[in-house]
Each structure stands twice: as structure tokens, then as C-alpha cells.
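Only one chain is included here, represented as C-alpha cells and corresponding to the form predicted alone.
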């Protein structure tokens, strides 16, 4: 399995999904070797380093049918070119001298060569299936398929169309995505919504595309906490990358409308992204500076606390292949509003759904939940009941069915 993030080294939903999928697979007696690129300066001191001539291979401890092979690579999608160059220079001066790519595309190609070396040296062996997550691993996965002759699955968690608001984005990324899907023996998408995108926008044969929805790990809702901030204000939460795909501008516009009706509302924004500065400027321009709190990027239990603190969670995504965060919110008993332009809207019922562009309706739904306790309680209660039907074990079994289909065809 080739991925580019895995907890605790993750920046978004892909890491959460990969962790859930791997856990579900191992629970169903599948052995997984997960190849994870990581910035060298973030290596732990207790990992075993094996010199492999051109590259250092970092092999972490094996546990419960999972072996991680961690390799030095700067596969970081959510930073600017300037920040990438700064990080590349820093790592060159602080590491053993690995020559990282001058940009992300060169690093994707370097990563492909690294995976090739791992295979030829026998570090990657004894596997039946190649399973690659998102475009940065596709070229490496294609090379691994060429060398080994093993079936290849590419797992589409997002496309360049999603990241650019359903418009054409970077043509190089689009080209790599298309090549990966065409050369794969099967394509797994996280929703029927995404399946329709790759069929219509990439021209992929529908017969080799399988939809497998994501899930969430259920945990009992913690006892209510007395949050100081809630003594005088209602709390509306935005949690996700602050980027075009996630609709932060629509969130701010809806907040303006809500504040005209209910002034004592605090809007908590959890996350980082390239639109953060614009979002802050819009908040100030609309006179909402005293209503907004920017919490930055949170992990683990702090995320669950943010959900429990909120009276309502809003996901106004422009194009969301799936969207695990609504499931996380429901798990914490938090009423949820999601855009209809999301994969998760295909499988959940106990939430409020709205078109991302309809800020008036988003505002109306926020106001309704904040004003009417019965509505809030019903969404919370039935959301908790509904969330129990989702599990990564179920998702893993559907993925195993795809594996078996390919293996029988050999």
C-alpha cells in the first residue's frame, strides 16, 4: 500500500481514511506493508535505518499484520511552491544529503525511482496486490506494477476537479491522475459522486470502477463538558482545510446572515490552508472579527472536544468526494449541516443538507438549530444512532472483495 500520510503524520482526512482502512484490513486477516514518505527531520530516533546506497530506508516496528516502510520524501501537497523550496533547502542542509526534487512534481518522480530501488533490492516483496492512494503515489505504483506484474488498484479520495471547485486545475496533476486510473486494474472511489466525476471527466471504463464508502470509528460520546465560551454564546464550527474545495467563503457569508438574527454566536474555525488569510480579511471586512476564533490545526482528542463544544457543525464543501468530518461530528452528538455536493450525503440521513452556494439556506438551517432545541436534540440523538452502522471493518470487506476479483482474474 502506497500512501502519503498516516497518523500521527497526517494533515487531513486521507490519513484518517488510510488508518481506518488498514485497521479494517488487518482485522480481516490481511497483511499490509504501508510505504509512507516522511520528512527526514520528523523521523523518530528509535526507527531502524538501513543504508540502501542512494537512499536511506527507515523501517518502523511491525505490529498486528502491519509493516511500515518509511522513506525520506517531501510529498507534501498542501503547501506553496515557496514553502516547498524553503523546506527542501532546510532538509538538504540537515540530512545526509538526499537530493529532493526542486518542486512537488520532480519529487513525485524521485519517489517513483525510490520505490523502484526498494523493489529491486528486495525490500518490497511477497505481496499480492498494489494499492495506491491519490495522485502523488500513482507513478510509483505504476512502476511497481510494471516490475512485479501484480494487479494495481488506485484509490481516489479526491481529484484535481474537486480541489479546484469542479474546474480544470493543474494539467500535470490531471495527467498523472488519468494515467494512474487508466493503467490500474481497478479503481476504488469513496463515493458514487466521485465515481461519476472520474467516468465523465477522465473517461475511465465504468466496469473497473468500484465505490467503497469511507467510515468512522465509533466511540461513545464523552460526558458533557462545561465550556466557558458557551456561557454567553452559541458555537458554530467549521473544521477542515481552509481551501477553495471546502467552501470557507460560503461559511463566512452565511455567518454574516446568521449574526443579523442571532448576534451572540461564536464561529470557531479549525484548520489551516491557503485561503486562511482571505478568510480573515473577509471576516474583518464584514465586521465579524469579534465573532470568529481561528484555532489552527488540531489533532486527536482536541478535535472531538471541538465537536462537543459546538452547537452545530457546518461543512459547506464545493466538491467533497466523501467527507469524514460529518461522521466525526455525529459521533460526538453534534448536529450537522453538509453540502449536497459531497459523497457522505449519499449515506447519512440524520443531518441537514443544502447546496454549498445557497448561503441563505445555510444560514436558515443554522438559525433553526440554534433557536429550536427540539430540532437540535433530534439531530443529535438520531445522528448518534445512525453513526453506529458505519465501520471500517465493513469498508475493508468491500475492498477485499475488489482484491479477490482481481486475483481470480489472473
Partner chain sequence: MTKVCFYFQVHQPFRLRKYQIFEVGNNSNYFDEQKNRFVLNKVAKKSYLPMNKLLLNLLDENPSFKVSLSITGTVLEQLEAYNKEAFESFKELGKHKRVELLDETYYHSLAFLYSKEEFKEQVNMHKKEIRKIFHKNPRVFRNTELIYNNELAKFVEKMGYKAIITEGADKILGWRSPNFVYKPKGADIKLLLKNYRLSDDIAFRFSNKSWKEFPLTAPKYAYWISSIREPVVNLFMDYETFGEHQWKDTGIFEFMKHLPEEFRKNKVGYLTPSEEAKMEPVGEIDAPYYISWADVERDLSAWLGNEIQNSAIKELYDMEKEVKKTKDKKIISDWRKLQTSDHFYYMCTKWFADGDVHKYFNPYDSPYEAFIRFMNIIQDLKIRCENKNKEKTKSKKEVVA
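Residue numbers count along the first chain shown, from 1. Because the structure is predicted, anything quoted here is derived from the model rather than measured.
The form predicted together with its partner chain exists for this protein as well; it is not shown, and the discussion that follows is about that form.
Residue 208, heavy atom within 4.5 angstroms of its partner chain in the predicted complex:
No.
Contact flag, residue 64 vs its partner chain in the predicted complex, heavy atom cut 4.5 Å:
Although its partner chain is absent here, residue 64 would stay clear of it in the predicted complex, with no heavy atoms inside 4.5 Å.
Is residue 365 close enough to its partner chain in the predicted complex to count, meaning some heavy atom within 4.5 Å?
Heavy-atom contact with its partner chain at 4.5 Å: present for residue 365.
Even though the partner isn't displayed, in the predicted complex is residue 298 close enough to its partner chain, meaning a heavy atom within 4.5 Å?
It does not: once its partner chain is placed as it appears in the predicted complex, residue 298 has no heavy atom within 4.5 Å of it.
Specify the contacting stretch among 276-284, 106-114, 130-138, 254-262, defined as having any heavy atom within 4.5 Å of its partner chain in the predicted complex.
Result for this chain: 254-262.
Answer yes or no: in the predicted complex, does its partner chain come within 4.5 Å of a heavy atom in every one of 233, 289 and 291?
Heavy-atom distance to its partner chain in the predicted complex: none of the three under 4.5 Å.
Between the options 172, 340, 150, 167, which residue brings a heavy atom to within 4.5 Å of its partner chain in the predicted complex?
It is 340 that has a heavy atom within 4.5 Å of the partner.
Could you list the residues in 334-352 that come within 4.5 Å of its partner chain in the predicted complex, counting only heavy atoms and keeping sequence order?
Heavy-atom contacts within 4.5 Å come from 340, 349, 350, 351, 352.
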